[in-house]
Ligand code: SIN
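First, one chain by itself in structure tokens, the form predicted alone.
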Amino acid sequence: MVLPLVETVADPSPAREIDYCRALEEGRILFFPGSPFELPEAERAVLLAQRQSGAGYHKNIAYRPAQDRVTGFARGTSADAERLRGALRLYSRRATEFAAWLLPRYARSWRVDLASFRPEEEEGRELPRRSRNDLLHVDAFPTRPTRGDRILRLFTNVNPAEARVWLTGGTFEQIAPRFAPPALVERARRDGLADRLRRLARWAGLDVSVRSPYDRFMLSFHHHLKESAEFQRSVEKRQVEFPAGSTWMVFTDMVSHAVLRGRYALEQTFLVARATLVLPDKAPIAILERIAQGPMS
């Protein structure tokens, strides 16, 4: 069953916060019909004028808050680059401030990850199959392992006129038992050569990310879902439209989703610690460990 949107009034009271956390962790989407925080018109104009880099390895324009750095945009003048960085910096800060105000339980120990801007029209976009946004999937990061922490994303549609159109499928809890091949689970529990080399490099003092069995599974499952014609065809689906100016929050490692149409969407990612969850048994790592009958961290 595809869980519905929760149309949300921004209320940071402790009781309402627990309701919001439960809804998110069960696989619902918190929806704000109007943006609950301001992005000034000058910054919006900068964003709407952007074009993405033609380099194939940049799927979106990315902003790294920790380094105050932007990648993936079509190069112009240094003044243009600085204006773009300023606009994304402001969005990231305001999105983070709002999310921390609404969900302080998570914010106490979350990691503020990348922000991104998606200026390209999604409908008909030519990307490799594993990078396509229009195929249902759950999120996993190839270079930023979470080790079981949750991927919470806050989106804002800054398109002045058009909706961003999603397709949602089942939650991880619903689809993993049905669509995760046992071999995929078992393979994730074994270190491959690349993983052993990463561990050796980390032992030698290099700053490299080491994937846990959970991270190996989630990345493989992301690819498997996009490549599975049976999953794309048979999973229950619901089309959801996010109007111009709206904002929404969702655990994208839980809710299978695809983007069918739309351009000019902003997004801020948070990695939410398992210890702060209201429903830790609903976390994908907990579900996967029940399937695998053993630890995956």
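Each residue number is its position in the shown sequence, starting from 1. Quick caveat: nothing in here was measured; it's all calculated off a predicted structure.
Keep in mind that the form predicted in complex with this ligand is not shown, yet the notes after this line are about it.
Per the 4.5 Å heavy atom criterion, this ligand in the model of the complex is contacted by stretch 130-138, the sole one of 130-138, 174-182, 210-218, 92-100.
The candidate site formed by 153, 166 and 257 is fully in contact with this ligand in the model of the complex, as each residue has a non-hydrogen atom within 4.5 angstroms of it. Contacts between 14-30 and this ligand, taken as any heavy atom within 4.5 Å in the model of the complex, involve no residue at all.
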